[in-house]
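A lone chain, given as structure tokens: the form predicted alone.
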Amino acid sequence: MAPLLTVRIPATSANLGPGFDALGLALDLWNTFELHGADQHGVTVESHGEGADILPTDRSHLVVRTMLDEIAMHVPPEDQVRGYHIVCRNAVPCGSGLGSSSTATLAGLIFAYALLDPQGFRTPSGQNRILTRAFEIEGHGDNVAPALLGGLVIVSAHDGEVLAQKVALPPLKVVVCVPQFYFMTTHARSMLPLHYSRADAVFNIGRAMLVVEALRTGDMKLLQKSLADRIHEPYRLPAIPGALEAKRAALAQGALAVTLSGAGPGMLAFANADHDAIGVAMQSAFAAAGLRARYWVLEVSPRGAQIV
């Protein structure tokens, strides 16, 4: 039976060095979620592809939990009809720093609002409501904003208002290398200091603006000079075996700039050429540290979540 709704959501790489919690990039690697009607009460879920052997099949699955929790905020229990089956087809690796959990959160919210407001959830105001709720659930918007909007997105929030600005980019290809290393985002955040010096804050503000301008104009020499960070990478990179060596190997192979993808453990490399050679070099560096790794050569996706 054809699904009631299908949504495709891209992988994302957040932070982009100095843009901690404020910058994110959508990548051409997609998770697809299908919402089917079901005869029995309750919601069941099945997963295919990445994480299929470890993801839950009940309401603890992030897509289901997000959808049901959101519906429960608007509809009394006696009016909730819960006969659905969700199919997840995952190409984004779990726990990689590529926004897998953000795709699940967005899918759950899109399904919820499609059921709550079939006419309005596709409108700009409906999209803004979904983004605001995703920001509240995730606690930051640098993954969910580009996953929803596509391309390069600057995002900030204050007092419940989310500001998200998409920046038009020329075509861009990157290398993402992900080692098999369990590195939870919550743990990665706990490693960061509670306070930073004014010098470090000013350094990151300036560099983040330069990164946006470099990507917007395609100025890879400027990106090479500006992709540096003092807020999170100095604390996280040493905690991932082989990450520092993978960064050096990518640069030695011709990458122009290398940074953590999100909180890691994945690494993001910008280059004009030799993308596969750069991916292999990073793989080898992680292997020398005892970790298997995979790499992808990906285009930046100008499109975000696609609803069918």
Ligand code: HSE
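Keep in mind it's a predicted model, so treat the numbers as computed, not measured. Heads up: residue numbers just count along the shown sequence, starting at 1.
Missing here is the form predicted in complex with L-homoserine (HSE); even so, the following discussion is about that form.
Heavy atom within 4.5 Å of L-homoserine (HSE) in the model of the complex - the one residue of V258, A263, V43, A281 that qualifies: The option sitting close enough to the partner is A263.
Single option in R189, K173, K221, H74 placed near L-homoserine (HSE) in the model of the complex, where near means a heavy atom within 4.5 Å: If I apply the 4.5 Å criterion carefully, the residue I get is R189.
Does L-homoserine (HSE) get within 4.5 angstroms of any non-hydrogen atom of R236 in the model of the complex? Yes, R236 lies within 4.5 Å of L-homoserine (HSE) in the model of the complex.
Might A14 be said to contact L-homoserine (HSE) in the model of the complex, defining contact as any heavy atom within 4.5 Å? Within the cut-off, so yes.
Within 4.5 Å, heavy atoms only: does R133 come near L-homoserine (HSE) in the model of the complex? Output for R133 is no: heavy atoms all beyond 4.5 Å of L-homoserine (HSE).
Can you work out whether R207 and L-homoserine (HSE) are in contact in the model of the complex, taking contact to mean some heavy atom pair no more than 4.5 Å apart? Although L-homoserine (HSE) is absent here, R207 would stay clear of it in the model of the complex, with no heavy atoms inside 4.5 Å.
Using a 4.5 Å heavy atom cut-off, which of 135 to 143, 173 to 181, 120 to 128, 198 to 206 contacts L-homoserine (HSE) in the model of the complex? Every other range fails; the passing one is 135 to 143.
Is any part of 27 to 60 within 4.5 angstroms of L-homoserine (HSE) in the model of the complex by a non-hydrogen atom, and which residues would that be? Stretch hits: zero.
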